[in-house]
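Here you get one chain, nothing else, as structure tokens; it is the form predicted on its own.
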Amino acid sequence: MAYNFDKLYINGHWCDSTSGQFIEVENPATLKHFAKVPEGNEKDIDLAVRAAHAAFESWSQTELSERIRLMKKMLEIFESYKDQIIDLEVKELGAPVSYSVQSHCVYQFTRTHSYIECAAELPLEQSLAQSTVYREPIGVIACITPWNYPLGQVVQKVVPAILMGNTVVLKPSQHTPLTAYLLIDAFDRAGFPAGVINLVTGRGSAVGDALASHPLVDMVSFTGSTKVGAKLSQRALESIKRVSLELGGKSPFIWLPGADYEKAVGKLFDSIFLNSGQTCTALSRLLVPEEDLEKIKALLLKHVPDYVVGDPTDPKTKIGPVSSKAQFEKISSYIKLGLEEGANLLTGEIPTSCANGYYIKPTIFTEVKNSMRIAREEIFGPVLCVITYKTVEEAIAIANDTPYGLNAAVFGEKQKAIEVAKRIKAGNVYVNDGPRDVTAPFGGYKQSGIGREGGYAGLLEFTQPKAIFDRSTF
């Protein structure tokens, strides 16, 4: 492959950063630096944005069928990098190989294929009574992505934006930037025109801010914390850019009275423990009937040993390290805070050392009140809060008593569960063992974001409507 981690990708070429500086990439399981990427700066951003701006007019006029053809070719090349993608996700994120294969790799191929299929069927023209509404590309899109799903969050933005005729400047996380290089290499080898896709690595405080405020950027698409998203939005709105935000969550999982709770444990633990809990949609608040608490505590303890913590290269490992020392310290401080707030530590411990990797065991708190900080703030680690309720009405109230609204789940008799799901203020709600639909819109209510990703909605997010009043008589 032609990619080089020491380079940026601007205007169809791998090139040096004007800064001459680099950022080391650490393996959170070994604490060793194993790669480095350029520490891009404002000048690099300007070069990339100008390249994207220059490419936009031609690319936006390219037939959709040709964009789809090139994207199919890119995907075919990208799928051939499967082994390298998995290897890099294990090394840069610490994600166990058992999780990386499907969630960090194969599922991203599925997402890309879905966007291609949806783009071919998407109605970009609509005839109304006295007009025709056209969906047109927006322009230059700044895609700023997080570290927890290094490839997935890139795919969710870059692929639909380009299919819809936009050009892109991608800024991946400085902590997990490497798999993005494989994707860019696939775009390059597929023959996309110069300037359509550009990659600038660097620190968010410098590169992200420069992107958000650049006068030639037309839209900012950001995934990350609510705090950072708000600041980037303020910069973007100074020049009235379009903004799409996928932010934090504190998602509830309601277990309805009388349900077969054993069947719900796997969904719960997979959500909050896999990827070391570093998932914006993690079901981090478990709401259970007060009268069943003791039975549920025993059930949780029974299945915790199923989630083996250890070396992410070992196929038996389910939970690897958290991504960085900063994450390790943040999560540790929340576990300590939970005890100070009066919650009971059912399982887990306050980590005392990260000398052998940033490992944190699955942690479950009981006797949690929804007013506690551990129940209201996004911990972003393998930490579950168990909260009891007396009535289903109270459970719904607790579920909605949060500044977030990204994800939720309900488990119980199907029709009752659907009724409860409809009353939860969240952009996505799972009922029982319902699988995720890659074509469904993904996004949040309240402080969990603005806009949607996935499927038709994710494609339309990168378009703007134009009404032409064309029912003239001559």
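No experiment lies behind these values; they were computed from the predicted model shown. A residue's number is simply how far along the shown sequence it sits, counting from 1.
Below, we turn to the form predicted in complex with nicotinamide-adenine-dinucleotide, even though it does not appear here.
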Heavy atom within 4.5 Å of nicotinamide-adenine-dinucleotide in the predicted complex - residue from Q153, T112, S244, S100: Q153
Sole residue of G357, G204, G348, G310 within 4.5 Å of nicotinamide-adenine-dinucleotide in the predicted complex, by heavy atom: G204
Residue contact check: V37 to nicotinamide-adenine-dinucleotide in the predicted complex, 4.5 Å heavy atom: no
Touches nicotinamide-adenine-dinucleotide in the predicted complex: F380 (any heavy atom, 4.5 Å): yes
Interface membership of G208, nicotinamide-adenine-dinucleotide in the predicted complex, 4.5 Å heavy atom rule: yes
Contact label in the predicted complex: W147 to nicotinamide-adenine-dinucleotide, heavy atom within 4.5 Å: yes
Proximity to nicotinamide-adenine-dinucleotide in the predicted complex (heavy atom, within 4.5 Å), stretch among 247 to 255, 191 to 199, 161 to 169, 392 to 400: 247 to 255
Joint contact, Q174, T223 and K231 to nicotinamide-adenine-dinucleotide in the predicted complex, by non-hydrogen atom at 4.5 Å: yes
Partner contacts for 393 to 415, taking nicotinamide-adenine-dinucleotide in the predicted complex and a 4.5 Å heavy atom cut-off: L406
